[in-house]
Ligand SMILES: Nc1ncnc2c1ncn2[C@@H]1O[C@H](COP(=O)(O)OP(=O)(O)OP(=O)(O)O)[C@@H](O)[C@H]1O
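One chain comes next, on its own, written as structure tokens: the form predicted alone.
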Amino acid sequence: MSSVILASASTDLARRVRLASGDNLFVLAPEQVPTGPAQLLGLSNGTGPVQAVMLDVTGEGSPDGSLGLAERFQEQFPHIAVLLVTDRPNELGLSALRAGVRDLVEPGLPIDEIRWVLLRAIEANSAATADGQKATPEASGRVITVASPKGGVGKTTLATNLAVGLAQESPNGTVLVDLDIQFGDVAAALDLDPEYTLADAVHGAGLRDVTGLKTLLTKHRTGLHVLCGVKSPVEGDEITAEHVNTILGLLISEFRYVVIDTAPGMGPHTLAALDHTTDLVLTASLDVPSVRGLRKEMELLDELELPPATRHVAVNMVDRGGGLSLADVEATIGRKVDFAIPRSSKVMASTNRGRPILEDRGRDKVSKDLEQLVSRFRPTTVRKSGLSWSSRHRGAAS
């Protein structure tokens, strides 16, 4: 059976679905489910073609979010069957039908019956698609956007190390985009002298097809592909949010990982990137203005209901002599910090050399902490040996 995505907090249900579907199951907690189908499919990248999505709405909570997601799947990816796990089938049956849900599944269903329900739903959906519904190709890339409310917090350092770390696993399948339109310095951080930049991508073949766009990318020595920032701020004035939307759409269709370094704040280019983002790494340093800015940025994301639901908070340049602690940060932003990167002279030295720390994979603490950041975005599947949950499924908040 092809890949199945399950959104549920129940490890027992995950175990039964795993046994029913084989070893191609991707599990995430309900609060980690993005608002868009493409983002969800991007999170499961690496598990194989997805043919079924199971959304667990067991309990007394509102099913509106899951029903809305099912409706968007019906519109955008009609070849993927959506099933609803619920203990209220009579109450939700009509709403589920209208949203395009293929079947309702009782939470205590035995393994054999889960297998039968999945096969029936997938076969019925395949038949419906063959009868005239046009299947839309799946978005293949996982899009990781690194953002911050203020400059000078080490955002580009995190983005370049993250991209290099992912490129070591998927050398030709990772691309880094410098979306700090006017003052981006990804090229300098990677010691690159690009022939083409983002400014070239918005003219000519760069916006027409992915083949033309790939000719404008700069190849890093690690195998990483880079769409470098403009050479002068004036060139940046010609780049619109619509350009960004088109470029990212093309890259997502071609690359396994798309890492985006953004400008400080929430400008139109960053907002365009968020429409494609599966993971948002919010970055701050350990000082009062940066932490307050981080809180405002998170409040803005909540207010605008912008994707992704999966957010990761990274506090950079952490030391004990600044008067603030990680506990202070968590109290201010109202959630846990996912990553704390220590202040280190090695970071400055690596930046000045144009050689990211993870290119050499040292054994010091800052290298290990950056590697932990990278490991969060590698595909996680449930294998026959048992459930394999990444740390984000336990602790990251929406």
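Treat the numbers as computed from the prediction; the structure is a model and nothing was measured. Don't overthink the numbering: it's just position in the shown sequence, from 1.
Although it is not shown, the form predicted in complex with the named molecule is what the next lines describe.
The named molecule is not drawn, but in the predicted complex it has a heavy atom within 4.5 Å of residue 343. In the predicted complex, the named molecule lies within 4.5 Å of some heavy atom of residue 317. In the predicted complex, the named molecule sits within 4.5 Å of a heavy atom belonging to residue 180.
Using a 4.5 Å cutoff between non-hydrogen atoms, residue 141 does not count as a contact of the named molecule in the predicted complex. Only one of 110, 151, 93, 289 lies close to the named molecule in the predicted complex, with a heavy atom inside 4.5 Å, and it is 151. Of the residues 310, 157, 145, 86, just one reaches the named molecule in the predicted complex with a heavy atom at 4.5 Å or closer; this is 157. Residue heavy atoms within 4.5 Å of the named molecule in the predicted complex occur in exactly one stretch of 348-356, 31-39, 53-61, 329-337, and that stretch is 348-356.
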